[in-house]
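Only one chain is shown below, in structure tokens, and it's the form predicted on its own.
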């Protein structure tokens, strides 16, 4: 049994911390929304009333927070209260530059650190089937590996500090583009009055096959159960996809890359969010109308 601090018990952190507790690890949790503990109480998550109570009693501390500014503020507070070799793991999706700064902060205090953003959304968090894209040292990764195996079905040490975040950006850039392209194919199929079941059966087994169709079909009643079957309730929201695309396009700009398709897809997601549809699943982009 490990003593684990978990900061950020929202849509993702709720399930991740629950799964760790159910695997008999001792979880000390903190979230600004104290109401979440009413639901977590039955899973034996110990409520802490401030960040400073997530201290060196914990061997590993996990953060799952909305953005880099919040993560950096939390880590700055944590660093004052931790003993050497405590492992800090950030599972948030944030920019690479902030991530590298966090690793340097931890190293200066003789702490271990990992950036480990996830793929799989709330469904994967609930099922314990997340994929972790990890950046950091092998020592830190090996220490965290047993917990990764509880919260997910795959974790990959992608490279040095920041590599996990960089890999996540690339993954979600491709996912957003793929889902957008799938939407255009669906519109074309509908214009030709195709049978959607047969359309799915062909595409899912031919050169158009992709994860967005096979595992997360945006067509109601077609393929495995997905947000499309539940009025596009997330899942992984469009506003979160917009955030991830913004991180990817920002990183591209810093590297003097012009990602034309990525820019177009980002513009479409921004339009969704601006039109108050950001709380819908990202797969709702297939219904986007730019007319």
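What you see is a predicted model, and the numbers here were worked out from it, not measured in a lab. Positions refer to the first chain, counted from 1.
Not pictured, yet referred to below: the form predicted in complex with nicotinamide-adenine-dinucleotide (NAD).
The stretch among 69 to 77, 97 to 105, 199 to 207, 186 to 194 whose residues place heavy atoms within 4.5 Å of nicotinamide-adenine-dinucleotide (NAD) in the predicted complex is 69 to 77. With the partner omitted here, the residue from 228, 249, 45, 240 that has a non-hydrogen atom within 4.5 angstroms of nicotinamide-adenine-dinucleotide (NAD) in the predicted complex is 240.
Site annotation in the predicted complex: the residue of 60, 36, 54, 266 reaching within 4.5 Å of nicotinamide-adenine-dinucleotide (NAD) with a heavy atom is 36. Among heavy atoms of residue 253, none comes within 4.5 Å of nicotinamide-adenine-dinucleotide (NAD) in the predicted complex. Interface residue remark: residue 8 is counted as part of the site for nicotinamide-adenine-dinucleotide (NAD) in the predicted complex, having a heavy atom within 4.5 Å. Contact annotation for residue 232: none of its heavy atoms lies within 4.5 Å of nicotinamide-adenine-dinucleotide (NAD) in the predicted complex.
Although the partner is absent here, residue 113 lies well away from nicotinamide-adenine-dinucleotide (NAD) in the predicted complex, with no heavy atom inside 4.5 Å.
The three residues 32, 118 and 121 all sit with a heavy atom within 4.5 Å of nicotinamide-adenine-dinucleotide (NAD) in the predicted complex.
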